[in-house]
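This document starts with one chain, in the form predicted alone, laid out as structure tokens.
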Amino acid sequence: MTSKPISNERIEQNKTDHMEMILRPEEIEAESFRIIAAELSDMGITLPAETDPVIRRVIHTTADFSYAETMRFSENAVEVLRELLRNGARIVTDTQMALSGINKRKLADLGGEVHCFMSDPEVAAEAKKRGTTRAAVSMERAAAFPQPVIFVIGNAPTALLRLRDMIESGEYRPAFIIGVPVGFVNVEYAKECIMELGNAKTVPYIVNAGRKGGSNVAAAIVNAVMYMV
């Protein structure tokens, strides 16, 4: 997909629009999505209908249009995630920031809960004892839930790699993986592992290829799909 540069006319129009309007929060969001739609059109980018709301919300969260080209979805991923959320699946994140960013009122309306075990003293002690990361141990803790679990990973590639190991060994099968850690060490490799294994083992996923991502992106993906329920 080749992006076209944004025209100077569009930039100037956006500046004018912003100077002329004092908006309420909901109006700011609506105007932001209008600008996103216009700039995607200027770039010659048409998003697939199923994934469009997710990608647009990630762009809205990051102001980064490259996500239009790097987001990866397993088959029917958005519909699968929507049904899991509709039926009250548990969410486990690898950061308090992602937990904070998820709309918990909407999640509670759907009967769901979100958890982060990274600050749990027992998790920290177990990770230290075994010489591993708290993120990896957190994934093991989450696997004990009787309900289906949606893993929302925005920071720790070791969380994705531990999930991969549990899937490969037959120890555990996640209901869904959102894999968007950000960084340089093992990040791209961990994402590729989830996509390759997910396709082979029918583990549904949403992943952002490459180095970009983060807890804000992870939360935005969850919120985008919740708002579709």
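Note that residue numbering begins at 1 and tracks the sequence as displayed. Keep in mind the model is a prediction, meaning the values are calculated, not measured.
Absent from the display: the form predicted together with another copy of the chain. The rest refers to it.
Interface residue remark: residue 65 is counted as part of the site for another copy of the chain in the predicted complex, having a heavy atom within 4.5 Å. Within 4.5 Å of some heavy atom of another copy of the chain in the predicted complex lies at least one heavy atom of residue 31. In the predicted complex, another copy of the chain sits within 4.5 Å of a heavy atom belonging to residue 35. When another copy of the chain is considered in the predicted complex, residue 133 lines it closely, a heavy atom lying within 4.5 Å. Considering another copy of the chain in the predicted complex, the lone stretch of 106-114, 140-148, 89-97, 75-83 in range is 89-97 [heavy atom distance within 4.5 Å]. Residues of 203-229 placing a heavy atom within 4.5 Å of another copy of the chain in the predicted complex, in sequence order: 211, 212, 215, 216.
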